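Just one chain is shown here, as structure tokens, and it is the form predicted on its own.
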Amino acid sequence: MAEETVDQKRLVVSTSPHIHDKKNTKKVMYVVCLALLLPIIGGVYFFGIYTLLVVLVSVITAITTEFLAKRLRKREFIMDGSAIVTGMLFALVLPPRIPLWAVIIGAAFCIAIVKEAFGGLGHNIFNPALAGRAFITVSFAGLMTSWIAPVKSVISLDSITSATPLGEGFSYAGSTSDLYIDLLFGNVGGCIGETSALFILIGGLLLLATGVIKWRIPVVYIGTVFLLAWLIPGQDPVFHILAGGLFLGAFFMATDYVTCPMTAKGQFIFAFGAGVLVILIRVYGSMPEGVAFSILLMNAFTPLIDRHVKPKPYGYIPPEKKSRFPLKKKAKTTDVADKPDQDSSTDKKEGKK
């Protein structure tokens, strides 16, 4: 018994991390899944039951692709929830009536190419869901530009073609305040999960309350878009933050642990750059929406930001700054009284001789 007590008190030296937390990857991913249920429910309400089928096909394809990729790489498949999150996010950035075969291709691309080809969870450079959306946009542009008006019926499969609020052909008969209300609640055309800013905001607040994400990226990202839209003549800042996928990108895409900077200062730079890109693409570019490409472009700059924006080590003391033009040191002067008397010393030597 004495030996066991000594062994238990023995100091164990191990590799990092030395600070542990109750949150793990699985818990974080399932909290994100819970928060994403709100925009999914909103999508089903506004665009019908077919949107739920799109989400299910996307999630099943993502899980299956990750399982097969792990087998091919001879790695263990762990159901940590990351594939579910990727499948849900990818479905939410798709048009409500996109064909299911395109959903399968895109979801497989998200996992196989963007995630597993780079080494799996924690090694991907770009956000998988947004990279999959960009791939589908380039490969099947016609499918990604067909939008419908809200049907407000869960079981209805009928649809009426309609432009999105950021599209050139969009027109609204009501007042500006009525438009804001429709954008807030989701009564407009668009992607499955991008229409209702309110549902996305509630889900984002849930992530903030549970500590899954920090406030820096969402606040700076949305605030930058609002400020720049306010400064540019002819632009409506409230419309820019409510329309499109800004809220979804700010709370669920840009805050991805793997593809955003690690430091607080780096996250400020990341979010500000993404906000600037959104306005540049929306106002001066040829594409109506710029959220996806703004985040993907800043994902490419994340390694550079992490390289040059580093936290100070604990207890770090900066070295003393050296002057570029150091003063010349003056030669030490000694008084005559301090010098030994040469005459007396020579007399002593002669006396000894």
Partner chain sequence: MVHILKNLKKGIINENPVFILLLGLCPTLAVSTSIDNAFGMTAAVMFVLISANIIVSLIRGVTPDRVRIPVFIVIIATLVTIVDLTMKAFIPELSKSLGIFIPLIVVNCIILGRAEAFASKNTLADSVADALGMGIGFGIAITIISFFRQLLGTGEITIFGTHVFSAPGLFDNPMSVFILPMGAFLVLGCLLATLRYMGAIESG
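Residue numbers count along the first chain shown, from 1. Keep in mind that what you see is a predicted model, and the values were worked out from it rather than measured.
Another form, the form predicted together with the partner chain, is not on view; read the next lines as being about it.
Novice: What I'd like checked is whether V44, Y50 and V103 together line the partner chain in the predicted bound form, meaning each has a non-hydrogen atom within 4.5 Å of it.
Specialist: Heavy-atom distance to the partner chain in the predicted bound form: none of the three under 4.5 Å.
Novice: May I ask you to choose, among V138, L205, L231, I181, the residue with a heavy atom within 4.5 Å of the partner chain in the predicted bound form?
Specialist: So the residue touching the partner chain in the predicted bound form, by this definition, is V138.
Novice: Only one of L72, I78, V219, A264 has a non-hydrogen atom within 4.5 angstroms of the partner chain in the predicted bound form; which is it?
Specialist: By the 4.5 Å criterion, the partner-contacting residue is L72.
Novice: Which among 219 to 227, 185 to 193, 105 to 113, 237 to 245 is in contact with the partner chain in the predicted bound form, heavy atoms within 4.5 angstroms?
Specialist: It is the stretch 105 to 113.
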